[in-house]
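Just the one chain here, laid out as structure tokens, in the form predicted alone.
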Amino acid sequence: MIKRLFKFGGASVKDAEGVRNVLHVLQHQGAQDVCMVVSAMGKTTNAMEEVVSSYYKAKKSNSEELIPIVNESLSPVKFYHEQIIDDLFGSSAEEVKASVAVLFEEMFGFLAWNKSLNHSFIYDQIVGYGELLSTTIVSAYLSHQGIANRFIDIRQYIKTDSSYRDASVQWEETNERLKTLSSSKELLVTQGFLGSDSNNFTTTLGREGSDYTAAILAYGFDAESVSIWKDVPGVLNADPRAFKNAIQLHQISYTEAIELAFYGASVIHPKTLQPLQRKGIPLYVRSFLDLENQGTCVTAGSPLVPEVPCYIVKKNQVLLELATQDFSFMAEHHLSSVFELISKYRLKVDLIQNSAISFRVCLDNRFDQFDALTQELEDQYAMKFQKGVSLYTIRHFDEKAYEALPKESKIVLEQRTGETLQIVAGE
């Protein structure tokens, strides 16, 4: 019976030593009643995105060098994984290499014969192989070390719509399929980030979606807990790369964690908390480097323990300002049409501020569609925009918290709502 979900991110399996440490975590925590969700190794997702980018440019220009370009872009990815296999398996590496070679043949075959120019579709068919590669290697290594386990292709169980790169889960069908796995008595090893649509094409759940995968499985299995294993001690009140003196949070309520994730906190994927909250399944964020540290627990109860301000920064945002060309009010029908276009081009709204004659919105240009958006808006509105701005959010702010923001940035927009302060800063 599956009772616990363990999720290991790319940093935890970035090399052979990391994979060995996954084994150590399982030996320390116990491997029975566990389903493991594993991300792509290290920076593999970035590398696979480069493969897609190179291929797409060549495909769109009808380059005769398509096959050499595919070979060249996939070669370092294959070499990276084969190095890890050699380090883990030594003289027993050939069988695992053969399994990995099949996956590369599948990738190459798709890229050689694909007729589609839908970038998001191509992205999902290729980038998801990072997770298939990592789980193939991790599952084989655990077996090699005497940990019985069952490799699961998660695409057969998590069913989604066809919104490539940001698919929505078809919950009823997914839960029916997961029932066939819930009574498993052996360790399950599967992929994060992936699903499949009604045509069995691979879909992805959004960048960093492996946490969400763990939550989907926990919901379907009625699991007792989810543990996300990371290279940090738990959830911190700030990104230590951007703010000094970050503090570990020992407990966060579901509601507060959802708020932090919505505003861009990177430790927990925004969609992860909702299925867990519905069934009261606690989420633990723990360090794979310090197994005695209990990390951070996300559950019902106090919003924050300890109660301190929380800082979030999202960089490379776009601040867009619109006004009607005749300087009339920005009425409801204007806002409706603007949001319809924002949805059409799949930009994420992170902040809104409007007055009688203007409308400002801070956008996450996650699929590089902002320029297409502006082309539709420029004929209807007077428009200004600033790219490369940073959005700072402080939850539970006070004046002292305000002082922690970087001093070198120019504040171009500020908004306070209840206990939340948001600032857009540019050069």
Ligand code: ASP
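It should be emphasised that the depicted structure is a prediction, and the values quoted were computed from it without experimental measurement. Heads up: residue numbers just count along the shown sequence, starting at 1.
We do not show the form predicted together with this ligand, though everything after this point is about it.
*Asks:* Consider the chain as shown here, without its partner, and state which of 365, 390, 358, 45 has a heavy atom within 4.5 Å of this ligand in the predicted bound form.
*Replies:* Selected residue: 45.
*Asks:* Tell me, which of 208, 166, 259, 197 has a heavy atom within 4.5 angstroms of this ligand in the predicted bound form?
*Replies:* Selected option: 208.
*Asks:* Heavy atoms within 4.5 Å of this ligand in the predicted bound form: does residue 40 have any?
*Replies:* Because a heavy atom of residue 40 falls inside 4.5 Å of this ligand in the predicted bound form, the answer is yes.
*Asks:* Only one of 63-71, 50-58, 396-404, 32-40 has heavy atoms within 4.5 Å of this ligand in the predicted bound form; I'd like to know which.
*Replies:* Flagged stretch: 32-40.
*Asks:* Would you mind checking 124-138 for residues with a heavy atom within 4.5 Å of this ligand in the predicted bound form?
*Replies:* Residue within 4.5 Å: 131 only.
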